[in-house]
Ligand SMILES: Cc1cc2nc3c(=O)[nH]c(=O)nc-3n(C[C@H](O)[C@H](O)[C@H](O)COP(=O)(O)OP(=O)(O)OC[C@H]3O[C@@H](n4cnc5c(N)ncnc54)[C@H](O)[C@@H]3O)c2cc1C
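First, one chain by itself in structure tokens, the form predicted alone.
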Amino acid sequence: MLGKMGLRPYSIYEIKELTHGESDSPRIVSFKMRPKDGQKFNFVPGMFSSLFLNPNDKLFRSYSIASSPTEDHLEFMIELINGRFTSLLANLKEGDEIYVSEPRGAFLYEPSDKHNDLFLAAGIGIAPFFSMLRYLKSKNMKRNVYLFYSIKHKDDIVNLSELEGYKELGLNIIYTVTRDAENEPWSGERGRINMQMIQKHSGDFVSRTVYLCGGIRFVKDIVEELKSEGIADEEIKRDIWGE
């Protein structure tokens, strides 16, 4: 099946570690894996790979890579939603093998000296931004970055202390919850990421390169808002799931 799709399997990967992280949603699991032959992929932060449990099977799913290309393993942050494929992933254990396609995609993080960055993430759309931030840290690159991170509930923030640690690189984080009750204690924003929220925290958003990742409705809505504010389409890089 991999060959029929035009995908070249790089190697059989072996699960190195399964973890829910320190503050992950109970349904989000980090799958860390290493190639059995010791060679690793070359990729750019933002890319994704397809996972197969059987290379001849039509059943597969594609996920953003959360690890940095400078690390010796691949990591995928996957929401286990009890679907046909994720229910199989939920049964994997350390030492099990999985097939990973060569990374691909056009959602590429290319830091520019001319523009600062604006990251917009909805839910599990945070995964590729971990790749980007981990890459910056590995290169000790300090950048002025605004990250707006939307989650349903405050307890859904993935790897909270890791994210907070990136403030040393120049990261500014705005968390917003969409489903917690108004009377629940919360010091962040509430509601979906929108133009008003972005303007409130990042007055220079027009001069930034925008990277956004989330469901189709979120991405399409926010792209229209950004373009209406004068941001050129080529300055808006997006990764959409759910199509």
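Quick caveat, the model's predicted, so the values are computed rather than measured. In this text, residue numbers run from 1 along the sequence as written.
Another form exists, predicted in complex with the named molecule; not displayed. Remarks below refer to it.
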**Complete:** Answer among 111-119, 136-144, 165-173, 83-91 for heavy atoms within 4.5 Å of the named molecule in the predicted complex: the stretch 83-91
**Request:** Spell out, yes or no, whether the shortest heavy atom distance between H201 and the named molecule in the predicted complex is within 4.5 Å.
**Result:** no
**Asked** So in the predicted complex, does I157 come within 4.5 Å of the named molecule, heavy atom to heavy atom?
**Response** no
**Message:** If we define contact as a non-hydrogen atom of the residue within 4.5 angstroms of the partner, is M132 a contact of the named molecule in the predicted complex?
**Reply:** no
**Message:** Against the named molecule in the predicted complex, would I236 count as a contact residue? Criterion: heavy atoms within 4.5 Å.
**Reply:** no
**Fill in**
In sequence order, the residues of 52-78 that place a heavy atom within 4.5 Å of the named molecule in the predicted complex are R61, S62, Y63, S64, M77, I78
